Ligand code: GLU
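Only one chain is given next, in structure tokens, and it is the form predicted alone.
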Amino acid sequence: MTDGAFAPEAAAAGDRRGPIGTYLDALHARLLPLRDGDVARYIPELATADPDDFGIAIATVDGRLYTTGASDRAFTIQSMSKPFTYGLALKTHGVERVLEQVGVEPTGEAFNSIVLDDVNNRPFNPMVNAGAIAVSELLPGFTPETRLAALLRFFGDLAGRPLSVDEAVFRSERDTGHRNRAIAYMMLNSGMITAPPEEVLELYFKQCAIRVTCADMAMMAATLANRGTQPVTGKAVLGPDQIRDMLTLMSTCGMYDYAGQWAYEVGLPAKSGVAGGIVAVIPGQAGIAVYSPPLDAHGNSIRGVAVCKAISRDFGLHAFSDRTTVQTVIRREYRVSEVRSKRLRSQAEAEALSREGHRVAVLEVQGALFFGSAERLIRRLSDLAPECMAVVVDFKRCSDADPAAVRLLAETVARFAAGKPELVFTHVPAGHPVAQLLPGGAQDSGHVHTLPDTDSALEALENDLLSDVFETADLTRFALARIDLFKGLDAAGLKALEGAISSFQFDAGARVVAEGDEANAFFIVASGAASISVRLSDGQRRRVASVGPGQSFGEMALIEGGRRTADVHADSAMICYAFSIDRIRQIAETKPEVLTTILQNLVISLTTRLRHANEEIRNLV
């Protein structure tokens, strides 16, 4: 922050408002003493404005509103309406039709200049009065009444509340708007508009006389920042292409003959109005609105310009500030040899994964993907391709992807689908732009797959790795000697255990063990797999481990008995063997080495799991 951005007294008063509210309070107090300029007087009703009125509002794309000063003071929108009306015309008619009526070139002239593009027979852009009058003819509806209703409904959708026309200001503009009347008749004469000028002008004057507050304008700007979706109501008001065109014109033409200086000093798409308002957009982040009636020689609010300069400078919001870096698109990269799935493995399997796990890589993507960051991600995928059998791309922290990134990823998906390594996408929500490129669920497309989460992807790929190393165990033949928990028992001990086995079958999804049940047995998986999950404080369940053939669960009952601390559900059709704790203890009365050996192996297993967890934590930090 610059010197003076925060004042101690404002900070004390604004603790409950957070740092942004405190900042706005301090900024308001610092700029209120500015007394330069004068209110607009060529429209009589605007000349009655209080020059000390001064409000600031910031609305975020998730609907949070920060305000200070006279942010709820109603005033008329005036020329701040122009980009929004232009957006409605684009939405109604499409860009090609609108371009026939009005151009997109800056003029460097004042807002009310009588300057027309005679070569193309249209006004230069929709931000000057001539262009805005021409756009008014394009509003939807067949009568002046239906067009005004459509305009008010559209503006209300942007603001998140109904808006209305200030009739006194409208009449004042209509009765004194002779320059605009001259512009309209000149455009009629040249064929730039075809409707009766007075009808078009009445709609234009009413458009400028719509009553708003700083909070309304900040929300309207936040809707543009939020790609056309109103942050509070969630209503999709405009499309991304329309937003792009609106923001482009606000950047090049929004501040009239001050547009170049504004772009240089502030660097945000913006629009001013002669009632004293300025609205600015921070794409993807927030909308800013300022109301302060005294204007400079360009017709822009003096305090409004000062506020936007300060916010842009203090928070580094200039469009060409170096805020985005492609270096951070990959949050973390690791291999299965370092971090494994929650599937419990035998010692031999764990050792095999430590040796072979480098062949499976995981890339965690973060932030929004755009051309530069997508290029870096794709380049890393290409680097990994020769050395990996599979690469998992985790989108859990990837918020968005623009069309350039989607196009690059589409070409990458097509390339990987034609040959190895396998490419697995995880944590891609249905509405994410990348989702359209991918096969649904666990269905595959050549060598490209989609799975709901990274843990399930790692488990599947670990199984593939292990299938190259081990033959599939056939535990349904009671090969107890092959189970780690019974390692070291002699033939007599194993024979005694075989007499303690009870066999159970479970369908996919069936609950094998319930949290809170009495812990009177432990289990060995013979075929299939099961997931172990615990209940979180919010009532949701989280998988903490999974077990497959040869793996055991519920062994802690041997040590402490008591109640189950987790649920176990069959992931697929499953056969498992239950060993009664009481029966094991009976066997131990004549063969104590059985229980001793099992407990020793259990300690080794728990120690191995703890060591692996510590290694995983170190690798993920």
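Rigid core: the largest C-alpha set superposing within 1.5 Å between the two forms. We number the residues from 1 along the sequence you see. Keep in mind it's a predicted model, so treat the numbers as computed, not measured.
Although not depicted, the form predicted together with ligand GLU is the subject of the following passage.
A.B. asks: Based on heavy atom distances of at most 4.5 Å to ligand GLU in the predicted complex, which listed stretch, 550-558, 35-43, 63-71, 587-595, is the contact stretch?
C.D. replies: Stretch with heavy atoms near the partner: 35-43.
A.B. asks: Exactly one of S301, Q78, S136, N226 has a non-hydrogen atom within 4.5 Å of ligand GLU in the predicted complex; which residue is it?
C.D. replies: That would be Q78.
A.B. asks: Considering ligand GLU in the predicted complex, which of M187, V237, C208, A159 comes within 4.5 Å of it through any heavy atom?
C.D. replies: Checking each option against ligand GLU in the predicted complex, the one that comes within 4.5 Å is C208.
A.B. asks: Answer yes if any heavy atom of E173 is within 4.5 Å of a heavy atom of ligand GLU in the predicted complex; otherwise answer no.
C.D. replies: Residue-level check for E173: yes, a contact with ligand GLU.
A.B. asks: Does P293 make contact with ligand GLU in the predicted complex, using a 4.5 Å heavy atom cut-off?
C.D. replies: P293 lies outside the contact set for ligand GLU.
A.B. asks: Looking at the partner-bound form in the predicted complex, is G273 within 4.5 Å of ligand GLU by any heavy atom?
C.D. replies: Yes, G273 lies within 4.5 Å of ligand GLU in the predicted complex.
A.B. asks: Any chance N129 has a heavy atom within 4.5 Å of ligand GLU in the predicted complex?
C.D. replies: Looking in the predicted complex, residue contacts with ligand GLU include N129, since a heavy atom lies within 4.5 Å.
A.B. asks: Once you line up the core, how about A496: does its CA shift reach 2 Å between the shown form and the other one?
C.D. replies: No, its C-alpha moves less than 2 Å.
A.B. asks: Do you see a C-alpha shift of 2 Å or more at F425 between the shown form and the other one, with the core held fixed?
C.D. replies: Where the cores coincide, F425 shows only a C-alpha shift between the shown form and the other one that is less than 2 Å.
A.B. asks: Superposed on the rigid core, does the Cα of A361 end up 2 angstroms or more away between the shown form and the other one?
C.D. replies: No.
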